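There is one chain below, alone, in structure tokens, taken in the form predicted on its own.
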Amino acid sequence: MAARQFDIAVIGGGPCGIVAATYAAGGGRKVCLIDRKPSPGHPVRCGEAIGLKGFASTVELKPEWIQSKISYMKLVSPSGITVTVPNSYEGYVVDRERMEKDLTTDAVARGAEFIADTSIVSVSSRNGDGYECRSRDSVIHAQCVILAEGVESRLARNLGWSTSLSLRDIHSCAFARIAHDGVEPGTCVFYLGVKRAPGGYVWVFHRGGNTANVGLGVLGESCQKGMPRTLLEDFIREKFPGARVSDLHCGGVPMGRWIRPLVRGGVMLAGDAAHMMNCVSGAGIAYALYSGKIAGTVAAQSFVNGKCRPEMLGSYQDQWASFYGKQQDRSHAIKEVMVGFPDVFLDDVARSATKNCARKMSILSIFVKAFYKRPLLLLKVVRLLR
């Protein structure tokens, strides 16, 4: 079987991999973007919400991607107390399928070759001459490989990384799209409580018109077989009776610390494959875009006289650690403090917040109220945020 030759192989065609391939090809390298799906953008395992700042340093937000502008966040306590918070940053719910298709087109225009419907089953070293990426019916040789194929990948594990997550550091999630007249325009609503989502929360993100993305995450150590899907279906029936439901699927979301190291030899980890995620909110699009940009840029810059110099790839981890990596570490520490709060405590916080409805509320002010009766916990969290 004749091998195809590339400088850089990017495995995984989500936002992270697409952006990595775009920047690597833009750096003048011969790049392939390999994805197991026949076309980009499906299925979508997220709420599709992202702040404008999440795009600012990576790609330009195109107006045609925007489904709705986020004006308010609502937090609903276990007993049904609702706290409404005006959105303090410019944020949107986007059409990720269209976004990923457009980004893939941009990557190809930059010179990357998109190889769809191809599952890479192994990546192995070629004894100092790069790597062999093998599918069932093809072989690709590359001097540098970027793994961006998601949390379920086994490729990183086979190359020596420890990719396992404790049950406390993963959420089992269910996702769906609904159409119902009860969807609130311009809102992201979060429902808390052990009965709705043990150790996690339910979210409803307006997606334009009368549609919304709805999902929930259950902490791994609290999850049982089939629980996320059952809880999501029960929630939709309760809150949106008669809704038209589509694209219901399940998956895991990493909620731990990012994997270290991010580089082994000439192989780099990025996005969900590196467990990059805000561990409090579960937001990951901005992390994926940024890590893809840095990985692709550094990979292209590591070539000297046509050869990849793996020792130059380390700046990728340095750049990640000093920006989103630091944020993720803090979010993980805060998550560890917050996991296990009883429903009665969450109700007390919501009740306290609603008493000050005349004042301008913010997520920070609610957060402070959550801890004012627990000063030692508040002190611990404040130290983490320094």
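Everything quoted here is computed from the prediction, not taken from an experiment. The numbering used is simple: start at 1 and walk along the sequence shown.
Note that the form predicted together with a small molecule isn't included here; everything after this is about it.
- For a residue to qualify, one of its non-hydrogen atoms must sit within 4.5 Å of the small molecule in the model of the complex; none of 193, 280 and 334 qualifies.
- Heavy atoms within 4.5 Å of the small molecule in the model of the complex are found in one stretch of 29-37, 65-73, 335-343, 314-322, which is 29-37.
- For residue 199, no non-hydrogen atom is located within 4.5 Å of the small molecule in the model of the complex, even though that partner is not displayed.
- Contact check for residue 118: a non-hydrogen atom falls within 4.5 Å of the small molecule in the model of the complex.
- In the model of the complex, residue 284 approaches the small molecule with a heavy atom inside 4.5 Å.
- Using a 4.5 angstroms threshold between heavy atoms, residue 161 stays clear of the small molecule in the model of the complex.
- A heavy atom within 4.5 Å of the small molecule in the model of the complex is found for exactly one of 148, 212, 295, 142: 148.
- For the options 91, 266, 252, 78, the residue carrying a heavy atom within 4.5 angstroms of the small molecule in the model of the complex is 252.
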